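The chain below stands alone and is given as structure tokens, in the form predicted alone.
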Amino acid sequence: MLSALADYLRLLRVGTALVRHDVILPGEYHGRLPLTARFAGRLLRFIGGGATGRPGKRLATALERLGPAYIKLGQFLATRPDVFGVETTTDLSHLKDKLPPFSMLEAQKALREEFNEQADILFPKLSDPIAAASLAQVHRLETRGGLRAVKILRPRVEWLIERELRAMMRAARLAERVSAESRRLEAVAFVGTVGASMRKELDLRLEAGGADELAELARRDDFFHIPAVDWDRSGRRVLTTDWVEGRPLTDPKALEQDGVNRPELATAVTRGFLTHAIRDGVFHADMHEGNMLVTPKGRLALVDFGLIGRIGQNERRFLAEILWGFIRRDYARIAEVHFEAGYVPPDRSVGDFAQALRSVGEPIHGKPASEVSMGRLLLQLLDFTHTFGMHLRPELVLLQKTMVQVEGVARAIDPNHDIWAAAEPIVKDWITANLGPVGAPKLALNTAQEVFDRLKRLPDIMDKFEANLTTPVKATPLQTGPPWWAWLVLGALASGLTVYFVS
């Protein structure tokens, strides 16, 4: 009871912030709303005192002020242009994940808790914080083996995140009860995905493992430099890597250094990402300009590995065939791949979907590379999710978001970058190796292994099915629902946000 009350109070705080920034039933959509919603919108804007800027920017500002959990939530909302629109997700992608640093006393305390009496020996010359975000901050460390970067989680950040995630999940459940559109958008599953990702970022041992894995993959192709992990100085709340000397791409002078070849850097961004995603099934899933540095030798280095994306063999095939289909203008095959993967319900028409894909792909052909956007193509493809009853698969959310990020970075480096020409050899090699004559035996072996694995699980499934048939059904007491005022507040939030974003 007390935890539920605490959750509703936190949600009330969230609602107040959204009202203050005119996010619920905003004036921009006044003409599309029914009379009662128009009146409610005017009332909320009067209470909030008015707000300026585009709706997406106002939402980003509100989330920044709500703290770490909501900043991370906003970053995930930016991955759903199919739901919130391109303009809003673009504004959310610029969320500022910066907070004042915590004190050196707190940092030293965290090191002692992690490494006990070894802390003073392992971290003798720790600098003041050089960067601070919502979850952690970074220090520079001098060692005999060279400079290191030390990332330390904020005090009590795990407790703060769990508290806010619990309130978000309660809001998502209520939203799905009162809004059919929220059920289609799978609010509970989305909050679950956000929560799982946040919890991974709060265990820096997982980030260390991801960084080390990507570093091993990067050495095979040399598209990126990835710093080595200092395992002796890393733990659950502390991550130490080699120091990377360079300028982030957010620095205008980063690309003005001697030895920087802009076209080559842009190609490295595109091919490096696609190689990791399609060939290896693992990729850096937060490739914005702040996480990419240009070294004095003119190479690109990646940092901050809190978000690692993974896709299985089927999803890699899906991605490769979709890109290959657009390169070859084979819209019928692209449509078939969507149906084979189960992304479009089987009761829809393959021909109609191919027709929709043609309307997306044809306008880009014959245009200069600078006018052709792979990211925009993917966003337009997502526009058809509602028309064809498609449910966005969670495993593709990070992939889609990262592809849009990668294209934006590559075009910022080289405005004339041809992302399709850069992608073609990577995609073609994978198609040849996995789906052509050379890859046919491998594909058949993988399919046979999958069937065998499913057959091995069949006895357990039948046992559970039989147990459910023989287990008597027990009467369960009626569950006490939330208080009436919570239904009122959450219902208004759910319906208001649904109208706002879907409109």
Ligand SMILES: Nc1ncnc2c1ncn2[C@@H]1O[C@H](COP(=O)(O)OP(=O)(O)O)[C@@H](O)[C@H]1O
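A residue's number is simply how far along the shown sequence it sits, counting from 1. Keep in mind it's a predicted model, so treat the numbers as computed, not measured.
One more form of this protein should be noted, the form predicted together with the named molecule, which is absent from this view; the next part is about it.
- Judged by heavy atoms within 4.5 Å of the named molecule in the model of the complex, the contact stretch among the candidates 133-141, 107-115, 330-338, 317-325 is 133-141.
- Note on the partner interface in the model of the complex: the residue among N291, T90, Q400, T193 having a heavy atom within 4.5 angstroms of the named molecule is N291.
- None of A215, M169, L99, A149 but one reaches within 4.5 angstroms of the named molecule in the model of the complex through a heavy atom, and that residue is A149.
- In the model of the complex, the named molecule lies farther than 4.5 Å from every heavy atom of S234.
- The shortest heavy atom separation between E164 and the named molecule in the model of the complex exceeds 4.5 Å.
- By the criterion of a heavy atom within 4.5 Å, P227 is counted among the residues contacting the named molecule in the model of the complex.
- Heavy atoms of D242 reach within 4.5 Å of the named molecule in the model of the complex, making it an interface residue.
- Of the residues in 298-313, those that come within 4.5 Å of the named molecule in the model of the complex through at least one heavy atom are, in sequence order, V303, D304.
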